[in-house]
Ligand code: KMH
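A single chain comes next, written as structure tokens; it is the form predicted on its own.
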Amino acid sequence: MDKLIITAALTGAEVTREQQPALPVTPDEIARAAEECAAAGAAIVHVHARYPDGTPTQDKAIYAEIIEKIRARCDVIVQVSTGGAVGMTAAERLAPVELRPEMATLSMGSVNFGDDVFLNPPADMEHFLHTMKEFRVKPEFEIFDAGMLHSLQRWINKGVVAGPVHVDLVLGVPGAMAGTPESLMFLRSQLPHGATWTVAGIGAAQLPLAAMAIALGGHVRVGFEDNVWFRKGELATSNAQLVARIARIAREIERAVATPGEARALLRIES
């Protein structure tokens, strides 16, 4: 198997300090959390920005400060979110890509998101992709249901995107595919040829789906964006604690954990 790439989703757009007192919000806090996660075994940090009061933002200046502070502390791959928060415009969501981070997420369709709807019309998706190509940013295609994988395959067939692609299977969002072993196995069976894949289990699904991905040759995303708990009834003390657990499980089954440099090679990220 390839070495395991661990992604730490540090903050997200929905979690609050009331839900998770250790949530990193400011650029300094996010950079410190990134450094801790890199030391624990993360090769990628998935970044959302917040205003000082905790409100989610795609403000390019705040992202620039976060990226600069992370790079000053460690060599981890910075992956910015283009999901932003529900209700943001496409232009708002896309702004951080202009900073030329190494990676950015690209959601492959619209999805019910709890009581809200996360809209991604096809024209916006193609615009996001072309902008990432323009700024030489590696996309991670976010998949919330099977139809999104088929949309990605259509892009590949049309030559809109060249393989091999990297996808993130996000399972357990209310309104999307369930965070179950059956969901993961089905999506894995539908992956485009040669694709690398990560699983992001939401809430209680995070640990069991992560363990499956480690054994199946996939990669793993953990962190407060997706889950604030270490175990039932016990909040995690940090994002790094969640990363360290995944690295420990991987070592127990003798699957090596990728460094940021090794992850760049596996994902074919251009320097």
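Please read all numbers here as calculations on a predicted model, not as lab measurements. The first residue of the shown sequence is 1; numbering continues from there.
The discussion below concerns the form predicted in complex with this ligand, not included here.
- Put simply, of G109, G83, P101, G172 only one has a heavy atom within 4.5 Å of this ligand in the predicted bound form, and it is G83.
- Of the heavy atoms in E225, some are within 4.5 Å of this ligand in the predicted bound form.
- Proximity of E14 to this ligand in the predicted bound form: non-hydrogen atoms within 4.5 Å are present.
- Shown alone here, R50 lies farther than 4.5 Å from this ligand in the predicted bound form, counting heavy atoms only.
- Not displayed here, this ligand is kept clear of W155 by more than 4.5 Å at the level of heavy atoms in the predicted bound form.
- Between 70-78, 177-185, 193-201, 84-92, the stretch whose residues reach within 4.5 angstroms of this ligand in the predicted bound form through a non-hydrogen atom is 84-92.
- For the stretch 107-132, the set of residues having any non-hydrogen atom within 4.5 angstroms of this ligand in the predicted bound form comprises S107, F113, F118, in sequence order.
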